[in-house]
Ligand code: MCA
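Below you will find one chain, with nothing else, as structure tokens; this is the form predicted on its own, and questions on how it binds or moves follow later.
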């Protein structure tokens, strides 16, 4: 019996003196050196009593050592649980208690983490941004080879907790097969080879930076410019040495604000990918004008990794997320049914394929609600398929506004608002209303001198039915976002919940 994920992503690079991580100080960590580091960590974890299927919770800054902990878990059959570095102690307490983690690794500057770990019977060790800490020190004396633990494609490889905007976060159980199928598909679909150099400025506690980016590069045998975080200066300096970049919309808007970001800076690049949040059509246009490159948008989730992608060859259509990836099925159905809607109509997106997770940890009822017995996962996203087969995300099901019995899709209104002069971006939410149940509220982030709200109201009257007209249009300095740049509409709904009371 083999270990498919380790063998494909890591093991085949053993002894390879080829670059894997290009670090900010100018040094290079080879594939082989990285694997030797991971082996030392694997020995330490098993010496600490962790066995296959046990959980390792990690809330640490981005570093090569943090990435090596992931590889060590795959090699030892331990379930890797990365945690957002922005989580508060109370949030981490829930994840540690819910997951039953045997060992918690945290930043040395987070003293409360040790108390949380011990409260739930877990061990505690540390790892800092510079790669030191108790776990790194303890691993130094360990062997640089480790007997890889046999695993099957259906064995768990990782937990990722959902954002929990509508209740307690759910631990999505991802198998070796889930992660491996997606990595292999993306290598082929996005044309990655061993010659590629990915500019990696994403966090590695999220599926985007850890699985979509890192696993794909490992599967291709390529290398990464491994930046601790996104900073325009560092990214622009690194671009001439890179061939590809994966980012969130905020990355690209911030780059476009810098005059140094131009065709010369991107002359060696072949691919820019964007995800985790929608990219405005205006950003697509400005990016192509400035660089000559067309950003490739795709669609993924914590529970599935990547589901769809705009084509590598062919039209990358703004406002869409392309087509289902090879091996992934996608359908649009009426809410609470399995009846598919006619092409072009809006419904709930469901997906099925080897990328779809195994279920939610210790939540069988929630799993049954969202994962059908025949393998279809109910994403909760509303979408439609345009006449050419491109998938369009309209919004989240929970973001749907029902006013006076009419269904209102925020995305339709946002698209009109985003086109208006003086509007950088917008967010449309539903607020409780005594007569209509809900009514529309529009928040505008100003651009330049800002919007002419009265002119915008007139445009909306011309282009949208009366029941879709916002009862309130307000300008705000910025929209609340999570660490991956996604607008947090739940926070906005809470803020405006009593506006019409």
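Numbering follows the first chain given and starts at 1. Just so you know, these numbers come straight off a predicted model, no measurement behind them.
One more form of this protein exists, namely the form predicted in complex with the named molecule; it is left out here, but the text below deals with it.
Residue in contact with the named molecule in the predicted complex (any heavy atom within 4.5 Å), chosen from 230, 120, 94, 312: 230. Though the named molecule is absent from this view, in the predicted complex it lies within 4.5 Å of a heavy atom of just one residue from 243, 250, 134, 169, which is 250.
Although the partner is absent from the chain shown here, 298, 301 and 471 each have a heavy atom within 4.5 Å of the named molecule in the predicted complex. Shown alone, this chain has one stretch from 200-208, 109-117, 281-289, 186-194 that lies within 4.5 Å of the named molecule in the predicted complex by heavy atoms: 200-208. Contact check for residue 214: every heavy atom lies farther than 4.5 Å from the named molecule in the predicted complex.
Under a 4.5 angstroms non-hydrogen atom cutoff, the named molecule in the predicted complex lacks residue 426 among its neighbouring residues. Under a 4.5 angstroms non-hydrogen atom cutoff, the named molecule in the predicted complex lacks residue 87 among its neighbouring residues. For the chain shown alone, residue 403 is a contact residue for the named molecule in the predicted complex, at least one non-hydrogen atom being within 4.5 angstroms.
Residues 466, 467, 471 are the members of 455-480 with a non-hydrogen atom no more than 4.5 angstroms from the named molecule in the predicted complex.
Compared with the form shown here, the Cα atoms of residue 470 and residue 386 move at least 3 Å farther apart in the predicted complex. If you compare C-alpha positions, residue 457 and residue 319 are 3 angstroms or more farther apart in the predicted complex than in the form on display.
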